[in-house]
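Heads up, the chain below is alone and in the form predicted alone; it's given as structure tokens.
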């Protein structure tokens, strides 16, 4: 008779958890205040239009600082940026397909995930690919367009080079929509653990429980794949 035991892995260090929740707070605030700025005739969450702009700008600065903190931590302190966020050749050849099959089919059949996180390999191949695009492409572009909108007068030549204020506003809005599409997907996938809150707990206390039997099975299948 096979017994399934679980082990606890310290997956999310304190600096990462602090960054995660500061970033989450900032992005949600940006979304809500941005919605009022974009659709003031329909949405009024923060009083005046000016108050919404000031809150939006403040949240934008918070997110920019949070991003800088994240980049510094993983590049200079943990030194795991490439290891954690750049898909390996095996991820690209086999991992993306395996993880896609799991999310679309095997999860609903009660099968275990083909990826089990460790401190040195926290993200599955699809997560790595998504975070690579979000953190190194989308986030910088949203921040850059936001900085331009906050400094239209001193950066007027750059704004005109892009195509003018209306084009810049449209770009910023579309990039923000893409960011929130990822956010909703992120929240949904975070509920696909053994319980709906299983993947949320490591972001509160740092620890994740991993089924040792499933982990060994995954490693064996990976070796023979």
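Residue numbers count along the first chain shown, from 1. Please read all numbers here as calculations on a predicted model, not as lab measurements.
The same protein also exists as the form predicted in complex with a small molecule; that form is not shown, yet it is the one meant from here on.
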Per contact check vs the small molecule in the predicted bound form (non-hydrogen atom within 4.5 angstroms), the hit among 187-195, 159-167, 31-39, 44-52 is 187-195
With the partner left out of view, is residue 134 within 4.5 angstroms of the small molecule in the predicted bound form by any non-hydrogen atom? yes
In the predicted bound form, is there a heavy atom of the small molecule that lies within 4.5 Å of any heavy atom of residue 123, even though the partner is absent here? yes
Mark residue 210 yes when one of its heavy atoms lies within 4.5 Å of a heavy atom of the small molecule in the predicted bound form, and no otherwise. no
At 4.5 Å between heavy atoms, is residue 179 in contact with the small molecule in the predicted bound form? yes
